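A lone chain, given as structure tokens: the form predicted on its own.
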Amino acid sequence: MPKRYWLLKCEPSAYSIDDLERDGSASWEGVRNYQARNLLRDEIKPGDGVLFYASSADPTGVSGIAEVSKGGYPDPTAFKKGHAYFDPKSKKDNPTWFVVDIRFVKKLPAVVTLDQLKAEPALKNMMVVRKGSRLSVQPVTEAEWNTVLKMRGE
């Protein structure tokens, strides 16, 4: 299966690229959107590339690069009573929510901001630059991935 690419959004107050660098790897948990869940469960595979995107930040944008280290599996937080992501409807034998594990690759020297992404003609169709696109897990084409890397001097 060919390598695929993704943009994963997270608010730095919840988990940042610095946290991922410190931890080395992390579960991408707490996603509670069915479209994003389907991508986590069915599409994202080990070895896929990840643009780590800081949302609700100053500035918002791509702050680092990660790689998927483990494909979709049931989100354990959905089963933990009292946890912020607990879902009483999600059952261990029929889970509703899924996670993937990612590993740190590198932190960008400077954030590639949303404004910079929007200003790049080659990224005009990238999901994150579209008005109203708020999905926390987004597919990225190989061309978009390469463009973002070039924007940061790779």
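Don't overthink the numbering: it's just position in the shown sequence, from 1. Here the structure is a predicted model, which is why all the values come from computation and not from measurement.
Beyond the structure shown, there is the form predicted in complex with the DNA, which is absent from this document and is the topic of what follows.
- Checking 119 to 127, 51 to 59, 65 to 73, 38 to 46 against the DNA in the model of the complex, the stretch whose residues place heavy atoms within 4.5 Å of it is 51 to 59.
- In the model of the complex, Ala26 stays away from the DNA, with no heavy atom inside 4.5 Å.
- For the chain shown alone, Arg22 is not a contact residue for the DNA in the model of the complex, no non-hydrogen atom being within 4.5 angstroms.
- In the model of the complex, the DNA sits within 4.5 Å of a heavy atom of Asn33.
- Mapping the unseen interface onto this chain, Ile102 falls outside it, with no heavy atom inside 4.5 Å of the DNA in the model of the complex.
- Taking a 4.5 Å heavy atom cutoff to the DNA in the model of the complex, the one contacting residue in 79 to 98 is Lys89.
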